[in-house]
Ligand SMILES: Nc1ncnc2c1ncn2[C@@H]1O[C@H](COP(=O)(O)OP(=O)(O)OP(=O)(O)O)[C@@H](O)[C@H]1O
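Consider the single chain below, provided in structure tokens and representing the form predicted on its own.
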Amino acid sequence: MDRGSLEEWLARMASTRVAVVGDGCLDIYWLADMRLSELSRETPHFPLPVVEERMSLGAGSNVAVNASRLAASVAMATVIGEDWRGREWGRLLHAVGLSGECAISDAAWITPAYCKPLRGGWSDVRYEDPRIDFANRRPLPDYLAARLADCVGALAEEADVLIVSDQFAFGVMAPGVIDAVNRSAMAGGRCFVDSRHRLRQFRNAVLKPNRLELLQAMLPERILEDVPAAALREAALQLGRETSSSVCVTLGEDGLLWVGQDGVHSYPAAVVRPPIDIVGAGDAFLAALAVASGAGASRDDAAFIATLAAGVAVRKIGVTGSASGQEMLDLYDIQAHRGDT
């Protein structure tokens, strides 16, 4: 794709209407300056003196943020809890200009969060402690699933494209909500699905697993193996046949594999030099792929735009990455200068 074509598609994408259904989540970073730590008097530990706190929208809500940087309108349907994380989530949603009209708040639900303590000291080295996660441990109650399914149906009727971001084992994509998505896809709506645990339940969509998610869905007994490309291709083909869907498998620096009715196609990744941070790259890819397709882009053009978006996201260190149209144009120029396009 030349630069003029990229600019044209980005302009068309800016008039696209997008609906996102999935898990609302917070990504939280706590930066601790260990130079300030003093041995606790109560325990034999040095505490983490937090000097900076950063919060951003994560999981499905980060997909919505990415889509909003490219599309004319974005509506998100989800369920969040009536807890401090839910309040922060709503504040951040408002801050980025997204509507919370279809975000159902209920005390029976927990607002998920990934909390990441980062230690700094005298050197430039930063050390990340194990994450502190908030997540639900039981299915979405039926009455909330019914309300969310109604929201999905209403939003899908008005949107050019529906995006599903299904991240948690006990997330908002309950069976009734998945049925609402499948009804929209069966009726001819464009639907793009990223699901860690329920890939095989979606129909007539574009499924976007990464390598690990594809293996979990189709070859769980080989999850620890170095599975050859031919086996990955066959797994994607089988998933596509089983779900009447196209399958777009992201492979990191190896690009992506697309299995559709017209065969198997491979696309390279955007060339990005270290340092990189992959947090949010999949969300940026999914949003750009869906918005471009909703604007009418071909598979080849949508895949190219999506790989650029992921390339922008991985260059953002220590934050949940996202990509704007201008940032994609900038990366395109860098690659063209290197001869990588």
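Predicted model, so just to flag it, every value in this text is computed and none were measured. Quick note: we count residues from 1 along the sequence shown, nothing fancier.
Form predicted together with the ligand: not shown, discussed below.
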Please name which of the stretches 142-150, 216-224, 267-275, 94-102 has residues with heavy atoms lying within 4.5 Å of the ligand in the model of the complex. 267-275
Using heavy atoms only and a 4.5 Å cut-off, determine which of Ala292, Leu26, Ala281, Ala64 is in contact with the ligand in the model of the complex. Ala281
Work out which of Leu57, Leu70, Ala302, Ala310 lies within 4.5 Å of the ligand in the model of the complex, going by heavy atoms. Ala310
Contact with the ligand in the model of the complex for Pro117, defined as at least one heavy atom pair within 4.5 Å: yes or no? no
Against the ligand in the model of the complex, would Gly260 count as a contact residue? Criterion: heavy atoms within 4.5 Å. no
Please run the contact check for Thr250 against the ligand in the model of the complex: heavy atoms, 4.5 angstroms, yes or no? yes
Close approach of Ser245 to the ligand in the model of the complex, 4.5 Å, heavy atom: no
Any residue of 204-218 that, in the model of the complex, places a heavy atom within 4.5 Å of the ligand: Lys208, Asn210
